[in-house]
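First, one chain by itself in structure tokens, the form predicted alone.
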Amino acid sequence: MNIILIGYGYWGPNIAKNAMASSEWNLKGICDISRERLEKAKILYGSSIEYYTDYVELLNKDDIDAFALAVKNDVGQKIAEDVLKAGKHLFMEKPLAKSVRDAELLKELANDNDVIIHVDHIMVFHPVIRKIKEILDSGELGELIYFDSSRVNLGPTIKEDVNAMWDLAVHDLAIIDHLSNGENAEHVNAVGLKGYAAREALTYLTIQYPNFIAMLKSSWISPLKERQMIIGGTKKMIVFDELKMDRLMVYDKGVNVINRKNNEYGKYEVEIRAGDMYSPNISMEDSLLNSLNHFANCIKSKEQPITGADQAIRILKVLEEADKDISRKRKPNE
């Protein structure tokens, strides 16, 4: 299948590289309004692909099956709408849209034109997340209790169009949505700190789901780089640290509640359990390549992606509610 990449800025080069490596896709061309960026692409791909500055001329080409968008949110909506109206499949960088309303419009257009929307919530396609999903589904962890995530760094950029939560916590929200089989958030609380840009560079987000809670820290202004998620279950617990050699550790640790009558502490007492731990052997894979291939397979099978419009809308609902909560708590002079 043939695909066109629109946007060769920050993330576009990664999409192009993996589309070229994929056995499912033929990268037909790259489109960007910047000729300077296109010249950079030409250094890598030469005459093997085509180069464009205007995507509109490509929408009605019969030999194009899909478009991959890697552009800023403020221009992405219009392009996405045009792609879907032209009856082309859409691979969209996260987030799908700037609002739930815009995302629902894209979903409606995709349904009307019988095409697939795939949102590149890349962490869902990480081999470690796939393994965690297997462990959860097997019942080894028991029931989910909590997620505790820290996704922080000094930069590498402080963005103006979105805050740290929309840029970083969105990854963790996608993971939680996938691992919990799409549970809907019940209550959302958030606080944030600006200081360096128009949007918050540091955010703390707490979410109450029907059966567990999630606490997500996102920051562009940390002296340390962290990419860690702790998942607590009633039987075992998991630590996923992207920056360590043993990135996934499963701990046979937890708390047992004991019913003992006539003890000095009351009817119930807890017992701390600390057993063995192990690190599963997980082969290394490129998550972006997995994402692109999943997109292709969904088009072939006419099935919705695991990171389709419905998942994206659930995540956007959390982010919108969190933004509202941050705004309510913001000081008058901010």
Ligand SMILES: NC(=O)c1ccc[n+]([C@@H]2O[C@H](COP(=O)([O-])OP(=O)(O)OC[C@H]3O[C@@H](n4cnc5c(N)ncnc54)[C@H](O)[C@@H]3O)[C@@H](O)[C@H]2O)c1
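We number the residues from 1 along the sequence you see. None of the values given here were measured: they were computed from a predicted structure.
The following text describes the form predicted in complex with the ligand, which does not appear among the structures shown.
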Is there a heavy atom of Ala296 lying 4.5 Å or less from a heavy atom of the ligand in the predicted bound form?
no
Check whether Val75 has any heavy atom within 4.5 Å of a heavy atom of the ligand in the predicted bound form, and answer yes or no.
yes
Proximity of Asn26 to the ligand in the predicted bound form, heavy atoms at 4.5 Å
no
Verify the contact flag for His171: yes if a non-hydrogen atom of it lies within 4.5 Å of a non-hydrogen atom of the ligand in the predicted bound form, no if not.
yes
In the predicted bound form, do Ile4, Leu58 and Asp65 all reach within 4.5 Å of the ligand through at least one heavy atom apiece?
no
Quick one: from Lys107, Arg227, His178, Lys159, grab the residue that has a heavy atom within 4.5 Å of the ligand in the predicted bound form.
Lys159
Work out which of Ile116, Ile132, Val71, Ala103 lies within 4.5 Å of the ligand in the predicted bound form, going by heavy atoms.
Val71
Partner-proximal stretch of 92-100, 135-143, 107-115, 244-252 relative to the ligand in the predicted bound form, 4.5 angstroms, heavy atom
92-100
Where, within 29-45, is there a heavy atom within 4.5 Å of the ligand in the predicted bound form? Residue list please.
Cys31, Asp32, Ile33, Ser34, Arg37
